[in-house]
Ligand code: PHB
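One chain comes next, on its own, written as structure tokens: the form predicted on its own.
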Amino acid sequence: MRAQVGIVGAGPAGLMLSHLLHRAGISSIIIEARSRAYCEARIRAGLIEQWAADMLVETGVGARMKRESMVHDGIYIGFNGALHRIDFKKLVGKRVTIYGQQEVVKDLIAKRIADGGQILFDCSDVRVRGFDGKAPKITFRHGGKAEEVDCDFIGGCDGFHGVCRSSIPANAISVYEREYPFGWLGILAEAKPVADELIYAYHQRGFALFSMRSPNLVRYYLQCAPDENPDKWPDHKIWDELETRLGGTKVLSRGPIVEKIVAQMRSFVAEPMRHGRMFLAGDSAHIVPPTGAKGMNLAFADVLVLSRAIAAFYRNGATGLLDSYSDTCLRRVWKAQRFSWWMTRLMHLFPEETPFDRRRQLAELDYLASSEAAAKSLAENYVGLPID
């Protein structure tokens, strides 16, 4: 097989990269270890920054999102038994879109197939080779046969546990990471939303978050131990704890809980995001704690930068944008890491903290709720910094 760009991974990063390259007249093949059904059913958070939602619409994959999504002009911050609204539209003139990541993946897969794109699902023994020279290739097994993709560039979009980053020599990459001493117990429930926008709640028993997936499907999270067993949380205990941590500000509409998970909290960055002719994008290069809602948005930013760089190369042989790819992306990545760390530190209880630290957190929350400058800084980061 031959393509100008070989892409490993059919998540948001790989699919969007293939879509953007197609629009630029550049051929690609996506190699994915999982089945199409698995990729389309893998539920992840779905908060989309305004620039990313605009990009989905402008590139022809946002029609269903426009029909079915929920658009939010702000969020609520809860502490001391009260809710305080951060009005994004008023502060920075932008908003965010709530639309499940799995729905974005469905839309992108359907579009790539409609456009004649190649996505090979259920591949095994995927390897990347030759990317330190001028003839990279992806080898794998598909349908019981050994296959190979010869390409000019490789897009490493195969996630944190994928083969692309691990194939880079250890002495050629630096890793920066932080593990958090807690996780999130998450539930998906068939219930009415308790508010019209997300609620981030600080409480002496730990953080809680309310979000929604549809008018009849809600997602809640509770700060918990990183090794928490969700089976030890019966439904009534979860609902009682959520109401407690929301500080009496809301009486929840309870309903059947259809999913319980424990999400790990990690900050991770691999530098550089390029080795030879292989370019890392999305979770293969960086992970942010979900507090800042940046994961899919950073993946889209990476591949937008990368698609422009590859297009410039094929247009006139220019390599400047390829050479600056890693630095360009990492500037945004580290700003997102800073914001996600700040939100996480602001809203959660850390085991080493003292009563002084608790009072400091409350003072910062009070400042955020009462200062337009502080609220504007949060809003600017939350809706998405300008894309270069």
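Bear in mind the structure is a predicted one, so any value in this text is a computation, not a measurement. Counting begins at 1, following the sequence as shown.
Beyond the structure shown, there is the form predicted in complex with ligand PHB, which is absent from this document and is the topic of what follows.
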Worksheet item: At 4.5 angstroms, heavy atoms only, are 155, 275 and 313 all close to ligand PHB in the predicted complex?
Response: no
Worksheet item: Taking the shortest heavy atom distance, is residue 223 within 4.5 Å of ligand PHB in the predicted complex?
Response: no
Fill in: residue 307 within 4.5 Å of ligand PHB in the predicted complex, heavy atoms
no
Worksheet entry | Close approach of residue 44 to ligand PHB in the predicted complex, 4.5 Å, heavy atom | yes
Worksheet item: Taking 4.5 angstroms as the cut-off for heavy atoms, does residue 88 touch ligand PHB in the predicted complex?
Response: no
Item to complete: Could you check which residue among 168, 92, 198, 119 gets a heavy atom within 4.5 Å of ligand PHB in the predicted complex?
Response: 198
Item to complete: Tell me, out of 250, 84, 213, 111, which residue has a non-hydrogen atom within 4.5 angstroms of ligand PHB in the predicted complex.
Response: 213
Worksheet entry | Partner-facing stretch of 231 to 239, 205 to 213, 146 to 154, 250 to 258, counted where any non-hydrogen atom is within 4.5 angstroms of ligand PHB in the predicted complex | 205 to 213
Discussion item. Do any residues of 256 to 291 have a non-hydrogen atom within 4.5 angstroms of ligand PHB in the predicted complex? If so, which ones, in sequence order?
Written reply: 290, 291
